[in-house]
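The chain below stands alone, shown as structure tokens; this is the form predicted on its own.
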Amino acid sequence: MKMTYDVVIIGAGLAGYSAALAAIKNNKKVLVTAKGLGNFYSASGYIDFLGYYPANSRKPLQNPKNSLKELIGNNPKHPYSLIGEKAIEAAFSIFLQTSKEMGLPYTGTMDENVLMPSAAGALIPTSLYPVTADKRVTETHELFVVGIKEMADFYPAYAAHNLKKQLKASIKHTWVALELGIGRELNSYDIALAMEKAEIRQRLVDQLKKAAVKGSLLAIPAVLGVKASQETIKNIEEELECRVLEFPTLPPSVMGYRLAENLKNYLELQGVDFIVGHPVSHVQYDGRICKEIGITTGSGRIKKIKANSFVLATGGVLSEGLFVYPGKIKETVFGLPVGMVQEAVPENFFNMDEFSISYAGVMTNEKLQPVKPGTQEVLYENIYIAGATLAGYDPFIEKSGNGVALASGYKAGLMAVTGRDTDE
């Protein structure tokens, strides 16, 4: 018996979840299917709307919303231009509201970028972030960078050194040892699980009391709990009489994990079905209409799934939604043509202004339907594209990856169920 849905979303990253959110709020039957976990688990958990514009600018934008109008005016093929201001604002608003409902509240605004420290001590512009991270490192006078000896790949002295170059604050650093008794270095997820135990957390608190952190802003890798992070942070702040700011770590990212798990749980409670771990191996069309897809299960059988509409949110080159072959790039589910592929020649290979593989992707119209490159000819009427599969932007240089994912996913989900780009 074939499974039947109103909307099938292919891809389990932020774009796919945002599309599911838009569809489920219109009372549609939704399935999210994906070959693997999305990029949440290696991402910061922040929603970067637009960090730099022009993309090659080295100065972070203070008000990204003001620059959005200029971007849309100058770059008609950029995803934000296709999505439109109204849908972008709606997507950000619904995400903030949903984050409260799912128990991991976010804050921030499209009108302001806040600089957040990275694990290397760089300051990264972002627009939306967890409420627990609402502490301005740029406005603090005393910053204490804390490293955990059992944790791999973080060095507080290095991060503090780099932060000193950018901030006017007094910056100190220290190590703490959690004495977990495990004879190997641990990653951030291991530490976060341990930190939810009161006796482990107390070891951290006792050592930091000796370091005299009272009254300072404590910058620590995002390891303060997995499911109980808000309570853990509050407890440490009360014990030490200071403020605590977690910053994203190298993968696995606990902040990304918290966002992924909370969003997925929320969507499941709203009735969204998930099938993760199986690639799409079958597609059936009737002219310019996609009728069904099929996924290959562990037994080798193909499970066929019918839907009225499909949202493709499988990501770009890094997520293998786009696959790079010698001399060409292919979209891996529907075999859609990939546009904006520039030829690399020795003269421009290292010039990111002239050559960037990130600009490659599926070209769409303003409804986010795939079109033939160089034309407005719609290839499939009930397929909508979202996230890094879209052509026309570099999410890494302009710091817009999660912003485009959130907004395009929302618009694709709405277009798939209502044919409109807002929920009014």
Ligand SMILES: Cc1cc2nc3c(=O)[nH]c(=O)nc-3n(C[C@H](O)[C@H](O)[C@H](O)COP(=O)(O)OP(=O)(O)OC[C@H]3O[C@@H](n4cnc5c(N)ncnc54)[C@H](O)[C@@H]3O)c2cc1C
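Note that residue numbering follows the sequence shown and begins at 1. Quick caveat: nothing in here was measured; it's all calculated off a predicted structure.
Absent from the display: the form predicted in complex with this ligand. The rest refers to it.
**Q** Once the site C-alphas are superposed and this ligand is modelled as in the predicted bound form, is the result open or blocked, blocked being 3 or more ligand atoms within 2.4 Å of any backbone or C-beta atom of this form?
**A** Open.
**Q** Whether Met3, Tyr285 and Pro370 jointly form a contact site for this ligand in the predicted bound form is the question; each needs a heavy atom within 4.5 Å.
**A** No, because Met3, Tyr285 and Pro370 lack any heavy atom that approaches this ligand to within 4.5 Å in the predicted bound form.
**Q** Would you mind picking the one in Glu112, Glu320, Glu261, Glu237 that has a heavy atom within 4.5 Å of this ligand in the predicted bound form?
**A** It is Glu320 that has a heavy atom within 4.5 Å of the partner.
**Q** Among 165 to 173, 68 to 76, 273 to 281, 183 to 191, which stretch has residues with heavy atoms no more than 4.5 Å from this ligand in the predicted bound form?
**A** Residues of 273 to 281 come within 4.5 Å of the partner.
**Q** Contact between Ala388 and this ligand in the predicted bound form at 4.5 Å, heavy atoms?
**A** Flag for Ala388 set to yes.
**Q** Using a 4.5 angstroms cut-off on non-hydrogen atoms, would Thr332 count as touching this ligand in the predicted bound form?
**A** Yes - in the predicted bound form, heavy atoms of Thr332 and this ligand come within 4.5 Å of each other.
**Q** Is Gly36 part of the interface with this ligand in the predicted bound form - any heavy atom within 4.5 Å?
**A** Result yes; Gly36 sits at the interface with this ligand in the predicted bound form.
**Q** Counting only non-hydrogen atoms and a 4.5 angstroms cut-off, does Ser44 reach this ligand in the predicted bound form?
**A** Result yes; Ser44 sits at the interface with this ligand in the predicted bound form.
**Q** Mind listing which residues of 256 to 277 have a heavy atom within 4.5 Å of this ligand in the predicted bound form?
**A** Nothing in the stretch sits within 4.5 Å of the partner.
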